[in-house]
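Okay, so here's just one chain, in structure tokens, the form predicted on its own.
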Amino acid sequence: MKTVEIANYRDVRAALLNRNLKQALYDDGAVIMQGVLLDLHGKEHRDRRSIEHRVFRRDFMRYYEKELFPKVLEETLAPFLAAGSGDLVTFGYQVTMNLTADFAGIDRPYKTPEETASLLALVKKFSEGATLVHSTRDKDVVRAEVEEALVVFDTEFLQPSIARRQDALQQLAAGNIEEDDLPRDILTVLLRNQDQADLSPDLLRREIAFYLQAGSHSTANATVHALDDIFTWLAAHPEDSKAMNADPLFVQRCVHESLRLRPASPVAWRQPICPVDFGAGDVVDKGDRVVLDLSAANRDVAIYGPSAGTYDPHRVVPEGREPYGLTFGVGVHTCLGRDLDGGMMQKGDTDADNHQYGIVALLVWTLLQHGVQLDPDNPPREDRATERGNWASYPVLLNKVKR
């Protein structure tokens, strides 16, 4: 097998847009990823995406950010504020898992700490399975753990959620409820379009588990990375403290800069479905591998300037380029949650009061408003179970009263 590695922004972007290259990063994680949207290519991908994209309309993103998210954030943040401290990794997973569960279609009828902890443990295990290619643990052991977690998830969460939605669909067909009374989530859309989606019970289970882990895993880690970068920046640039606490648009730029430097996956793998010529003698065929270095592409000095490899929230991004780089991908596999996580890109006339900031920026902004700071007695710990450079623990202190 031949491997071609691409690291500059323009060529990586072109490869992501090339429809003759299919997804190949998640073969090791097939226990959770086989047949899910991110793993599909061509017509299968278009058909599934066209169904599920109905949930990801822009007005729906704004609804989640403006209406649903504030309530979820308030509920999740309350015990951390009461304690005056907490772990950012745990907090990030809890708030994003609750939000992700809502648009994936997984109910938490009891809303108890025990129920939340149970679902959170399952989601973390799904994330470990999805990113198995970067795991430092025994892969067969992880696969067995993920399979066990899927069974528990199916019994405790998925089947009851399916039953509630099937009942709602029957009520709609009988004329007892209106269209707007249906849950607005992935599970409802898939159940309603079973004839088009053609998902087996096992594949439906993996698809919903994929959405749960993808939404919570990447968003939680991005939040921790963003705050870590902000802490480091403010230590060297205290003059930005005022803007950091008074200007949410500046905070979003800080988040976009962190997303650029720390993509959820440092690389993307692609496999040709036919011969592809990259020029300069680099021709790949079926069975070969194309490794797209997203981390390097996002630091390309030809696009982001001489200081592209360093964090600078004041960076002037060239027109037509993304402030967060290729972190969310481009083309058919652009992350469906890009606008939900990263928000809308700013323009010269952006209205701060009506802007869509994205969940990560809002999480960071809220924590900054509550005086978040490193816990001097409990330093952060890196996650040694993965090569992705995430944090296993990130203790912080919080003010109980919002400034």
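Only a predicted model underlies this, so the values are computations on that prediction, with no experimental measurement involved. Numbering starts at 1 and runs along the sequence shown.
Same protein, other form: the form predicted together with protoporphyrin IX containing FE, not shown, and the subject of what follows.
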| item | value |
| --- | --- |
| Residue 270 within 4.5 Å of protoporphyrin IX containing FE in the predicted bound form, heavy atoms | yes |
| Proximity of residue 373 to protoporphyrin IX containing FE in the predicted bound form, heavy atoms at 4.5 Å | no |
| Interface membership of residue 368, protoporphyrin IX containing FE in the predicted bound form, 4.5 Å heavy atom rule | no |
| Touches protoporphyrin IX containing FE in the predicted bound form: residue 38 (any heavy atom, 4.5 Å) | yes |
| Protoporphyrin IX containing FE in the predicted bound form: contacted by all of 214, 327 and 332, heavy atom 4.5 Å | yes |
| Option touching protoporphyrin IX containing FE, based on a heavy atom within 4.5 Å in the predicted bound form, out of 258, 127, 298, 100 | 100 |
| Listed residue that, although protoporphyrin IX containing FE is not shown, lies within 4.5 Å of it in the predicted bound form (heavy atoms), from 336, 30, 51, 68 | 336 |
| Per-stretch contact check against protoporphyrin IX containing FE in the predicted bound form, the hit in 143-151, 190-198, 130-138, 262-270 (non-hydrogen atom, 4.5 angstroms) | 262-270 |
| Residues from 220-243 in contact with protoporphyrin IX containing FE (non-hydrogen atom within 4.5 Å) in the predicted bound form | 222 |
